[in-house]
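Quick heads-up: it's one chain on its own, the form predicted on its own, in structure tokens.
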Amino acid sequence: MKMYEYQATGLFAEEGIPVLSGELVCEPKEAAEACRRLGGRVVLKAQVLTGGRGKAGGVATVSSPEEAVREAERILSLTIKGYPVKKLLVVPAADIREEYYLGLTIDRNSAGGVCILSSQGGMDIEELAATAPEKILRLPLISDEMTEDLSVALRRVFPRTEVRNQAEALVKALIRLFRRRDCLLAEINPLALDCRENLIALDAKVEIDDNALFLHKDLAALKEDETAEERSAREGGISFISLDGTIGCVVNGAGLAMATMDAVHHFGAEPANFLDVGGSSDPKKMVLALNLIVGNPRVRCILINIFGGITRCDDIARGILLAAEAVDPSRPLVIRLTGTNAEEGKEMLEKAGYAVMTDMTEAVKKAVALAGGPR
């Protein structure tokens, strides 16, 4: 789950990380009013779930309410990397002396956290990583405490004692946030030193592990980039993403779900969704899954593709019968079952009048045909 800057800034403030207090606005007139309240010279920042907004024109410094209206109109008309700008964060303009980079993320190679530091932050950090990688320091996060290597790196990036003391406190706070909130990323770019020698987080980027959102219901409630269907699925323990195709897919396992979508595409149609009911045979999940799919008017056929490993196919069959009874899907239903207790599951479904297949390729071909054939 990616968080908007204004949301991430709130998390930073909770941990004591110095940030600029601003206002979230949706209209040019609101930007002008915020400009007046915040002292006249402010920065308007597009709120989008992607990087590169500065280079795309999504950030502007203004000095009057009239200028704020003009720039807000311009930024709110932008679409940045596919994301339309619907909100702006208005913050006081800072007098920046120096810019640094600080980020915590997951290192897949070491299967642990890593702290990334640089004495050069700002919009060109990606270019710096490519052209001068020696200027970017990477330190493993061994625990919640400061390591000797991290302390040495801070002395290198922040040679002045007073600034380094601030940086150490800030890094500790960011590590607390990273651990406590199950982050995949917690980034400050730029981390600015102002004319009063104070370090301030001028930007905030946080990404939470979706698999841990059930532990952080307050953060899950902030998620804005999901549809009502996706929210319902998440609350029901189902992985679901709505797409534009005509074949509704109900699958157990993310890998099999991706393979099913690829097969649908290969045989000339498009999936209407990604849906992974997981390893559970809970009938309620099947009811929810079919509810999500039959509510989509584009769906012409429903494909249920189950490979029973830990999940028992007879339990899945019970779930399908209960779900079909509760939902009464009006579209053709193609069922593929194979694996643990597949024969028992097939017998139950066939007694109820459902045809059951065991070959995935043939099941996908049939679903494509029932949906109207290849595009």
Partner chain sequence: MSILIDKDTPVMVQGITGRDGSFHARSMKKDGTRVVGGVTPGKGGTEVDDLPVFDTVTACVAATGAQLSVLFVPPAAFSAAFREALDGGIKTLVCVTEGVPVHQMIDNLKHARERGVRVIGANSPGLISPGKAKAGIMPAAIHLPGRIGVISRSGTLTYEIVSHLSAAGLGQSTCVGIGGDSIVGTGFIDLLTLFEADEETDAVVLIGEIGGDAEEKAAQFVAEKMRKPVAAFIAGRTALPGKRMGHAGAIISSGGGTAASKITAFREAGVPVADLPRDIPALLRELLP
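None of the values given here were measured: they were computed from a predicted structure. In this text, rigid core is short for the largest set of C-alphas that superpose within 1.5 Å between two forms. Positions refer to the first chain, counted from 1.
Below: the form predicted together with the partner chain, not depicted.
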Just to confirm the contact call: exactly one of 37-45, 327-335, 64-72, 303-311 touches the partner chain in the predicted bound form at a 4.5 Å heavy atom cutoff, so which is it? 303-311
Would the partner chain in the predicted bound form be within 4.5 angstroms of a non-hydrogen atom of every residue among Leu219, Ala221 and Glu235? no
In the predicted bound form, is there a heavy atom of the partner chain that lies within 4.5 Å of any heavy atom of Asp262, even though the partner is absent here? yes
In the predicted bound form, Glu14 touching the partner chain (heavy atom, 4.5 Å): no
Is Ser239 close enough to the partner chain in the predicted bound form to count, meaning some heavy atom within 4.5 Å? yes
Considering only heavy atoms, tell me if Gly255 and the partner chain come within 4.5 Å of each other in the predicted bound form. yes
Could you check which residue among Ile106, Ala153, Ala94, Leu78 gets a heavy atom within 4.5 Å of the partner chain in the predicted bound form? Ile106
Answer with one of Ala192, Val171, Cys183, Val299: the residue that has a non-hydrogen atom within 4.5 Å of the partner chain in the predicted bound form. Cys183
With a threshold of 2 Å on the C-alpha, tell me if Lys217 counts as moved between this form and the one not shown once the core is superposed. no
Displaced residue check between this form and the one not shown: Leu243, CA, 2 Å or over, core reference: yes
Does His266 shift between this form and the one not shown by 2 angstroms or more at the C-alpha, the core having been superposed? yes
Versus the form shown, are the CA atoms of Gly237 and Arg176 closer or farther apart in the predicted bound form, given a shift of 3 angstroms or more? farther
